[in-house]
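First, one chain by itself in structure tokens, the form predicted on its own.
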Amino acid sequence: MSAAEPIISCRNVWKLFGQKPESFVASAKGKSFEEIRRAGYIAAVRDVSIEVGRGELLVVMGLSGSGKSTLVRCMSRLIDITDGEIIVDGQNLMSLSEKELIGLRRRKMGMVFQSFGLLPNRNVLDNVAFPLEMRGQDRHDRRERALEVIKLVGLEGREEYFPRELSGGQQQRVGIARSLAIEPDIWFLDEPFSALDPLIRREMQDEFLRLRGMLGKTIVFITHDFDEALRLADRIAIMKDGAVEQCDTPDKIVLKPATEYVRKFTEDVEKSRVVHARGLAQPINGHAVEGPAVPANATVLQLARQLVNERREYLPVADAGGKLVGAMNRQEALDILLGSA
């Protein structure tokens, strides 16, 4: 559960594919994916309850066929759910008329997909301005806004280029700029970097983190790459057979996987690079926590030298503003760094 005010709430959401799924969904509740499949249905999303906090970056991940893309398409009502409820910024998506839904998407939602979907006969400027044109904005205003977001994603000077004249990473930047042009509150990204080579993918992740820091959007990001999820996410929801196996912070997923399936995702992760001081912070509860605090956003690896040389049993942990958030047990951090005795 997100601590921030929820902007998206999914409550017991189901998406079944098959003949008359609405008449079967009551029977599906409590059944496994295989039991539902043997009955002639595919449970693409299976009884999912999840919230996305305002300003949060939630990564939804899983292997191919796990249901992650279907869930996000349900969140934006690109497809209708079979059962359950999805509330977006206080509005029940399933109760909206087509006109109201289009209005909500145009005002509040930006979407970026794996295929860039650029219009080949339009240059960068016109591609980015296209959703504003569909919204009915006048030419001068949409050009001004398009130029603004083109600069934001680092493509200034390439406004007149056509998609065929751009690299894959540049084309993806155009797709990101186009989705940002409408100034969405909620940003859906479905494996936006998976078609890129590793070097460009890393650069795009860096660019994405920079934009995220500047813009403060609520983001739902789909990937099948666990390293990418760990690098980007506030929380990660891991899906299997249409259901969410675990939804938690990267630190907690790595330290305390809820299921055997989640454990397999985390078993090869170098925990010291992922686990932060805030993930190990416990309530102070009378522990002696004298001396300087360690930063909450520092990883165990970044604190390695201090942990080895330190003699205090508990180290105070402070956020960026200097406020104490708890105390970290030094031995627990050393066990992550060096392996338990």
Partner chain sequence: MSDTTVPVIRAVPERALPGGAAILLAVALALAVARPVLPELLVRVPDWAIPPYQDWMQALFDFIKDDLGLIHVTRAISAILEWFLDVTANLLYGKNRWPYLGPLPWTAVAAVAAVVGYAVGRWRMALLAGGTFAWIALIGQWDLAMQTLSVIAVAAPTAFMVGLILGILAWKFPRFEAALLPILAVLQTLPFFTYLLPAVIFFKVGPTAGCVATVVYAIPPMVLMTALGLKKVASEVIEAGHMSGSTRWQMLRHVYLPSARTEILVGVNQVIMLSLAMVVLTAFIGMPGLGAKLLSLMNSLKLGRSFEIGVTIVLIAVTLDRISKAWVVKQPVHFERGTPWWERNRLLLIALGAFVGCILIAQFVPLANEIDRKHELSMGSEIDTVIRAVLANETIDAATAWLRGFLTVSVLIPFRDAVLWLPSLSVIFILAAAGYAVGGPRSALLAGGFFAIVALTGWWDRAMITLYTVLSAVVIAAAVGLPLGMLAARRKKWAQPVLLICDTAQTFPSFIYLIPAIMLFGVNDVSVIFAIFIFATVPLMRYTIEGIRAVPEELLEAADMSGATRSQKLWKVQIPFALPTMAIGFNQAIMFAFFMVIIAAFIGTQDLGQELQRTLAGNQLGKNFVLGMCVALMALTFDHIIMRWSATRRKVLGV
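Just so we're clear, the structure is a prediction, and the values are computed from it rather than from any experiment. We call the rigid core whatever largest set of C-alpha positions still superposes within 1.5 Å between the two forms. Numbering follows the first chain given and starts at 1.
The same protein has a further form, the form predicted together with its partner chain, not shown here; the description that follows concerns it.
Although the partner is absent here, N121 is a contact residue: one of its heavy atoms lies within 4.5 angstroms of its partner chain in the predicted complex.
At the 4.5 Å threshold, heavy atoms of E159 reach its partner chain in the predicted complex. E165 belongs to the set of residues with a heavy atom inside 4.5 Å of its partner chain in the predicted complex. Using a 4.5 angstroms limit between non-hydrogen atoms, R263 is distant from its partner chain in the predicted complex. Among T223, S76, T82, Q246, the residue placing a heavy atom within 4.5 Å of its partner chain in the predicted complex is S76.
A single residue from the set R106, R145, R231, K252 has any heavy atom within 4.5 angstroms of its partner chain in the predicted complex; that residue is R106. Residues with any non-hydrogen atom within 4.5 angstroms of its partner chain in the predicted complex fall in just one of 253-261, 131-139, 86-94, 236-244: 131-139. Across the proposed site, M204, D206 and H276 without exception lack any heavy atom within 4.5 Å of its partner chain in the predicted complex. Contacts between stretch 82-98 and its partner chain, counted in the predicted complex as any heavy atom lying within 4.5 Å, involve E98 alone. Once both forms are fitted on their core, a CA shift of 2 Å or more is seen for E160 between the shown form and the other one.
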